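Let's start with one chain on its own, the form predicted on its own, as structure tokens.
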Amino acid sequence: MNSLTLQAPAKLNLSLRVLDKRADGYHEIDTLMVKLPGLTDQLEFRENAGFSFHCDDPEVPGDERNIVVKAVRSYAAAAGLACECAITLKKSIPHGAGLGGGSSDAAATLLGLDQWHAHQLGAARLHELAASLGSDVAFFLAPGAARCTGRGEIIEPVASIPVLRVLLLKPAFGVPTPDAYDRWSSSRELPGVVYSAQEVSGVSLVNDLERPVFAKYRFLAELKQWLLDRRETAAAILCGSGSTVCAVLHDDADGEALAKCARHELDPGLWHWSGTTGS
């Protein structure tokens, strides 16, 4: 095999419940996640004399801090081999966005390396490696939606999630995930902000991390409420720990026009993506 190219999709938490803090420092969660097949990073694996890694986004570290590099080291140690390939990562999913880009990249790295090495480790061992790399990584090893519990590493596939039309809006700043969880238990709701579950197409949309994130990043609360006030929007929710806010759109809504209006009225620097969730 001379080369291999894989897509690493973003994810969307349709619901995210934070249950308690665990003895290991993580939080117990119960979350329903879907993939966004139209919003993907791309990883290219090429035959090489040794291992190398390059990312086209200069803001993403290219050294041992990168989760792709960590995934390579983890796979090589588990398989007892040297990974002789060059990996190039082309980023489309913004980082610090709550869309799981890094976790998806790590999962694609594990899948790619195992394919590269004739499936030497297999699905069960890859799941163990994924869980050790990050709470969301294992979700991306298989297609489709899933309910994820524990700290996110216990995966239960879900077959009947409706496809939703969505618009994602993200300001220039990101939100560190550990900070959101650290302030979860002590945070309070802001007056005038909708935190309760929203029902859309039989799905209950709710995110317990909105409370700590909105308390610190008031603009994200303003962005959610602005979306909820628009006729195009059926529901709006923070994506994971943020800083992306997702609007679920009515069938006749124009997502591109709504994004343009948000930039005009709220923030000219907003990043946006519109498309559909995976089934």
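In case it trips you up, residue 1 is the first one in the sequence shown, and so on. Because the structure is a prediction, the values reported are computed rather than measured.
There is another form of the same protein, the form predicted in complex with a small molecule; it is not shown, and what comes next is about it.
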Exercise. Considering the small molecule in the predicted bound form, find the one stretch among 104-112, 128-136, 160-168, 77-85 with heavy atoms no farther than 4.5 Å from it.
Key: 128-136
Quiz item: Taking heavy atoms only, is residue 198 within 4.5 angstroms of the small molecule in the predicted bound form?
Solution: no
Exercise. Mark residue 26 yes when one of its heavy atoms lies within 4.5 Å of a heavy atom of the small molecule in the predicted bound form, and no otherwise.
Key: yes
Self-check item: in the predicted bound form, residue 181 touching the small molecule (heavy atom, 4.5 Å)
Solution: yes
Quiz item: Would residue 177 show up as a contact with the small molecule in the predicted bound form if we use heavy atoms at 4.5 Å?
Solution: yes
Quiz item: Quick one: of 117, 147, 91, 151, which gets a non-hydrogen atom within 4.5 angstroms of the small molecule in the predicted bound form?
Solution: 151
